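Below you will find one chain, with nothing else, as structure tokens; this is the form predicted alone, and questions on how it binds or moves follow later.
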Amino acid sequence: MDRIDTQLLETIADLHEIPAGAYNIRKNGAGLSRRSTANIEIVPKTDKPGIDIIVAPGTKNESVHIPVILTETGLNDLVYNDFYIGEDADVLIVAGCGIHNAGDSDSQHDGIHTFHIGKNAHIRYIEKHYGEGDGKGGRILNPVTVVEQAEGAVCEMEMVQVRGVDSTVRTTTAELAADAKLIVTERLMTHGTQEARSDIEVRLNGNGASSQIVSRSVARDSSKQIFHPNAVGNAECRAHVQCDSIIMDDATVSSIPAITANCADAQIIHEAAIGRINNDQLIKLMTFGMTEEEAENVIIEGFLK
């Protein structure tokens, strides 16, 4: 790996060296390096690009890293990754994609991730997206995430777009059985003429299922954002949908939270807010010697944490 590869991996997966535990590093449409462990097996697919990640039942305190990096301009990379999480397992999964495009053609990565989470299992999933490079070609990321949670399964998903992604369409769907719990935290920033769309639908199908969807975003310059989360209660369940956005300059933000109850015992709440940076906060920080730009960056960083 060269310097660019290393920097991309640090940004999207906090990797400064080869990680402990299971991992699969993908570069420019091909596997670069891979390792399985006694409890986590990574198997390349034979019918299409991608891997199967198989976590044995009862696996505890282990992790798997599956970052993707693109450094070739004009590359369109499509990958299918399926996760099979055994009953009572508790694991950390770190994914993400970094694109360095120094050319004039678009570079694109579409990751299709499907999670089959067993009874009473718990996963924490972190996915970061990032783009860089001084070329005129676009940096495009279109992730699709499908979650199937068995009874009592817990899934925590942290989805972050750091910066530099010119176009993204994020599609997430989830099916929750009885007593399953899903927490989705989405943080996203756009600038320039970038465009971002996020569609999330969570179907709570079993009694005692619960979900929390929180989306926070900052739109700068002339960028455009659309958010459409939807919680569907098909049983006695609880769900909360929240979208908060800071809008700046000539940006456009559209937030369309939706809730649907198909059961009289479903309790579902949604809320959305879009607004500028609070002037009082700006002034307070500037009294400490910061410039207006420095103060804005501090507020934005805190908002997206």
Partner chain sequence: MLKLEQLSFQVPADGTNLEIIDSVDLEIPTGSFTVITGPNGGGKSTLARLIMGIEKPTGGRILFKGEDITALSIPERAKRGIGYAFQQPPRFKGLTVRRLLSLAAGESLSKDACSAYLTAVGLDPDEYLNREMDASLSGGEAKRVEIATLMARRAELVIFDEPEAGIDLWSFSMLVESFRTLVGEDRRSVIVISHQERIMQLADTMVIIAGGKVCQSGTRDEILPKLLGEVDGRKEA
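Numbering follows the first chain given and starts at 1. Because the structure is a prediction, the values reported are computed rather than measured.
The form predicted in complex with the partner chain exists for this protein as well; it is not shown, and the discussion that follows is about that form.
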In the model of the complex, V298 touching the partner chain (heavy atom, 4.5 Å): yes
Non-hydrogen atom contact L285 with the partner chain in the model of the complex at 4.5 angstroms: yes
K181, heavy atom within 4.5 angstroms of the partner chain in the model of the complex: no
R3: touches the partner chain in the model of the complex, heavy atom cutoff 4.5 angstroms: no
One residue of H116, H122, R216, R163 in contact with the partner chain, assessed in the model of the complex (non-hydrogen atom, 4.5 angstroms): R216
One stretch from 262 to 270, 35 to 43, 275 to 283, 56 to 64 that, in the model of the complex, holds residues within 4.5 Å of the partner chain by heavy atom: 275 to 283
The partner chain in the model of the complex - contacting residues of 234 to 248, heavy atom within 4.5 Å: D244
